[in-house]
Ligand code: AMP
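Only one chain is included here, represented as C-alpha cells and corresponding to the form predicted on its own.
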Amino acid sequence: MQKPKGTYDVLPRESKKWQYLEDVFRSVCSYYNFKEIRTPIFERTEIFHRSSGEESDIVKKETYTFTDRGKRSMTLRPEGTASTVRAFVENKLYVDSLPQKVYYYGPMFRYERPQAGRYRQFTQFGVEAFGAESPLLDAEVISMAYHIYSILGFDQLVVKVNTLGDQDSRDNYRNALVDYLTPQKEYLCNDCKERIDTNPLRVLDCKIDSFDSPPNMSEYRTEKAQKFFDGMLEYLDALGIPYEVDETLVRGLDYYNHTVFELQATIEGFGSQNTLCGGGRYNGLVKEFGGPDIPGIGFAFGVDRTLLALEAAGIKLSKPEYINCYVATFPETRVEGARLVDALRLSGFITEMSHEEKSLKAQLKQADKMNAEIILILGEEEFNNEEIIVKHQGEQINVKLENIIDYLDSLNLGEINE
C-alpha cells in the first residue's frame, strides 16, 4: 500500500514547519484586514472552464474531472480563485461594504507530471480582493506577498510586474502578436501552434519556445491602461517594494487583465525561474460568474514549493521539538501523576508522562529525549508531604503541589524556544 503518485505525506517531524508557515500567512492577512474563506474541494466543472479558459493547460490537460451519481460533471479544484469568485457571487458578498478582502488555504489538484515542487495534490495559499479598481489596491496586494516572503527570511526578492492593459489594449496587442508569430508557426511546439489561434498571449508563457524580439506590449496600451499601470508603480516605489517591469510576463490563466506579477528570489540550485508566487487583476471575472461588474485582484502560491525554496535557501523555520513538563512517577503515585498531568495541560503546559510503568532512570531518559524544560518527580514521600520535586536548569527544589502551577508560570516556560 503506497500513496498515489504525485502526492505526499506530511509527517509529524515536518508538520511544525507547515504550522509555522500557516501562522505567518494568517498573521500577515490579519494585518492587511483579509479574512478567511473556505470553499468546497470540488465544484461543478463549468466553474473552472469559465474562469480558466477552454484553451488553458488546466482545462485541457490537468483537471481531475469525474461524473457523480447524479450524472453531473464535477472537478477537484485546480486553483482557488474560481471557487472564491463563485462563493462571492452566490453568497452576494458584494452587498457588504467593499472592498471585500479574503484569503484561502487548502489542497488543490492538477494532473501533471510530478517533479520537485509540483505535485498532483498540493497545498495553496491565496488572497483575493474585490470591489476596488485602484492602483493602490494592486500595490497593497503585491506588498502583502512581498512581506510574507520577507518575514520568512528570503532576501534578494524582486517583483516582476507587467500590465496586460484593458480590453482595447489586449485586442491591439493580440493582433500584433499574431502577425509576429504566424510566420514562425511551424517552429513552435504543438501547444503553441494551437494557441496562436485561441490565446496567443499564452505563447509568451511557454516553457519550451523562446522568442528574440516579440512586440513590445507597452506600444499597444491605451492611455488609460498606461496611466493605471504608472500609478501602481508609483505606489510600489512609495512602499519600497523592489520591482522590475517584464513586458513578456502574462501569467497562465485567461482571466487576467491589467496588473500581473510574479515574486522571484535568487536561490542557488532551486531552478531557473525561482518564482515563488504570482497573481494579478481580473476585472471581468465576477460579472462572468453572474455577479455585478466588480473588479478583483489576487495572488497565490504553493506551500509545498515555498517549503522547498526555504530548504534550498538554507532557511530553518521549525522551532526545536520540546515539551514544557515531564512528570515522573512511581507505582504508588501514578494515578496522582496522571491527575497532575491533566491539570498542567489544561493550564497551558505541554506535558507528558510515561504510559507504562518504568524505572525513574528510564523516565528521566525519556524526558531527556523529549527535550523537557522541567522534570517533575512525584515520589511517595513528596506526595505525602503534598510536595513535588522540580528539576530545572540543573537545579532541584521541592514545591508545594498547590503552588506548582503558579511556580511554573513564573518560569516563563517556552520563551527560550520562541
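These numbers were taken from a predicted model, which means no experiment stands behind them. In case it trips you up, residue 1 is the first one in the sequence shown, and so on.
The same protein also has a form predicted in complex with ligand AMP, omitted here; what follows describes it.
Engineer: If contact means a heavy atom within 4.5 Å, which one of 232-240, 300-308, 169-177, 183-191 is the stretch that engages ligand AMP in the predicted bound form?
Structural biologist: Selected stretch: 300-308.
Engineer: Whether G291 contacts ligand AMP in the predicted bound form should be assessed with a 4.5 Å heavy atom distance threshold; does it?
Structural biologist: Contact check for G291: no, nothing within 4.5 Å of ligand AMP in the predicted bound form.
Engineer: Should R118 be classed as touching ligand AMP in the predicted bound form when contacts are defined as heavy atoms within 4.5 Å?
Structural biologist: Answer yes; at least one heavy atom of R118 falls within 4.5 Å of ligand AMP in the predicted bound form.
Engineer: Can you check whether F330 is within 4.5 Å of ligand AMP in the predicted bound form, heavy atom basis?
Structural biologist: Output for F330 is no: heavy atoms all beyond 4.5 Å of ligand AMP.
Engineer: How about L317: is it within 4.5 Å of ligand AMP in the predicted bound form, going by heavy atoms?
Structural biologist: Contact with ligand AMP, no.
Engineer: Ok, E90, E133, E321, E112: which has a heavy atom sitting within 4.5 Å of ligand AMP in the predicted bound form?
Structural biologist: By the 4.5 Å criterion, the partner-contacting residue is E112.
Engineer: Within 4.5 Å, heavy atoms only, which of G278, G337, P295, P215 is in contact with ligand AMP in the predicted bound form?
Structural biologist: None of the other options qualify; the answer is G278.
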